[in-house]
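Just one chain follows, in the form predicted on its own, and it is written as structure tokens.
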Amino acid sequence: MTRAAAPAVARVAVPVPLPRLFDYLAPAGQSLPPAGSRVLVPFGRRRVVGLVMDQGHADPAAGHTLKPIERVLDPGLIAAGQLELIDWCARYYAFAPGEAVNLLLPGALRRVRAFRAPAPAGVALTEAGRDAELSRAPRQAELRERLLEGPLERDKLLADTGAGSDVLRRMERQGLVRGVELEQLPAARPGPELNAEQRAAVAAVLRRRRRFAPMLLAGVTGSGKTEVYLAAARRILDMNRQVLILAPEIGLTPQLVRRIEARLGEAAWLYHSDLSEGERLATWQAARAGRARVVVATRSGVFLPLPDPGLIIVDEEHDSSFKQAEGARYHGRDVAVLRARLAGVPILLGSATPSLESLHNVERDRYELLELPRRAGAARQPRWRILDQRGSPAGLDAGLIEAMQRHLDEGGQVLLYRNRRGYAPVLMCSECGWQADCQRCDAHLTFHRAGKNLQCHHCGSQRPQPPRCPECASPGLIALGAGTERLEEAVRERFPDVPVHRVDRDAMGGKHDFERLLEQVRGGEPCILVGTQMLAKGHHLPGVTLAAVLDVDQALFSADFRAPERLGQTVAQVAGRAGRGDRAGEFLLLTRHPEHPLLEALGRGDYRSYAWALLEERVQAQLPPASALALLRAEAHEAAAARDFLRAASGRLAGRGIDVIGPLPAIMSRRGGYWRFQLWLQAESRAALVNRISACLPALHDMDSARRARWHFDVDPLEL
């Protein structure tokens, strides 16, 4: 068959973990659908939803019969810019092209069976409804009468008239009414007067409003970064452009959304994993239609269709939750920068504790640095102190107790941070030394006293607390160390008359528990907050005057070269919760290694100087971001299977300018019953590393040893 005789085909991304597109003929009697079309195709014995990525001609040497597309569901649904974005991501992050289906389409559009979206909340009359003869349908006439003045909420309309939902459905089928979204837009309220640095930052964004310009907004905690976002967004909206705001955590969005809507007078559309399929679909469709002018999303929102983007904002850009941990392992912040470049719009990356990657880009003149060096309004930075715990007995430190009592007596609130859930990280026998270990991971089981059980915080396995030692039958089981549950117990015993709130995933299990607690705490009554990372991230708690970080010593000696950066960010973020109101704040760092150089640097309360010093160390050691790094991870029930695959892969991946080290055991070598190993791939040139991985990916899939292990690439890994 000559090239000219080769049939024209659509190249379709199918949601399977294979590094290729699949060729399909046009549907019977139809032309090929354009790129970006959502299609239904046969795949093996299944029917799946795919995306047309391109058109071309079939390879005559392929040696297999081509199948036609079964049905074109939505022609040209995905714009060319989004296809270009996802094509870059698949190549850079080394994931299968089929992941494009999962990233570009919400779950409702990935179903083979049509998804029945929930009816819109509102109902409006159509022209046919206004003119219809309803003298013989009094219920319908009554509903029409109520709708003549404008759209109404569906449930309220039925409740007020006493009509049944069947009457409304009949009117919809007859075309007399239609469902509409009710956007109750609040009147925009002016914000506080911006200080000179905030005004300069807003002006910098607006000067670049018609071109790509990456800017790092580095402001101390409480400096008013959100007010800069909102002031810039208001001007962009006045130009009839859309604004995308990416936030790291679902828990951050409720308070952020309320501020956005109040300040901008616009409905903020949400897009995150806690929403129902119908809610995500509604936001996706509103964004694509341009009706969603302000979208607040977690990392997956970076792939939303936006026909008129004007500004992208990444709040808390340093946060590790922007990195996807499974499937397509992309980094939402970095993809957002590319999205802004392709769209030709400015992007604002905000953080009080910028990532070393962003600071490195500033140093190399890739990003513009906008600084907010002081807190907004009358608030001042908290006073820092390091408490030496050497020689102190277990339990609450005496110096910490004294400071807590002083702040509570003065009407302040106290925040205690410990990044460990449960009652104790180890349950041990005092007689024989037995420890409760996970049978599937290289980890201890955490003792949870409330549920009287042992949990693995890595694979999720649980078992009841044993009454005696399983090895020697001694009843002398002791809990070693302290998590948030034990810390809460100790605080309640010492301060019995003060409300104590524990903030972790165990205590905040309900969908709105955390939001309700934050509202209660903002009431200002004295209380004590005990929690994990949930407390450290961006929350404005003006009543907190004392914040403390307990038990940081483990992070000082981590094998992960990123640990000092994460430590500094956590400490600075927790410290930043104190003194955000009109009362002075204090921050305590408790440690048994006060002489450690990292803590001495942090103790000066200047994260930026600390970060620049860390960056200089990384550059000298040729570690990221000064070099490009990728890990090829493999895991299997038998350790040899994972090692054998990586040994074979290392021979293919080694090349000019690429250093391949390993196979090496992962820091946690066994997890969830799988033995875990990795290859360390490093290069001075990011392009050389990505090109090498991309060129080798199909061959790695074809290796026999690849079928005996689970494996994936992690480009720009955040965890080792």
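Because the structure is a prediction, the values reported are computed rather than measured. Throughout, we count residues from 1 along the sequence that is shown.
Here the subject shifts to the form predicted together with a small molecule, a form of this protein not shown in this document.
Just one of Thr484, Thr446, Gln413, Ser223 comes within 4.5 Å of the small molecule in the predicted complex, counting any heavy atom, and that one is Ser223.
Contact with the small molecule in the predicted complex, judged by any heavy atom within 4.5 Å, is made by just one of Thr298, Asn419, Gln381, Gln198: Gln198. In short, of 434-442, 622-630, 187-195, 201-209 it is 187-195 that has heavy atoms within 4.5 Å of the small molecule in the predicted complex. The small molecule is not drawn, but in the predicted complex it has a heavy atom within 4.5 Å of Arg580. Taking non-hydrogen atoms only, Glu227 approaches the small molecule to within 4.5 angstroms in the predicted complex. Interface membership of Leu77, defined by any non-hydrogen atom within 4.5 Å of the small molecule in the predicted complex, is ruled out.
Looking at Gly451, you'd find every heavy atom of it more than 4.5 angstroms from the small molecule in the predicted complex.
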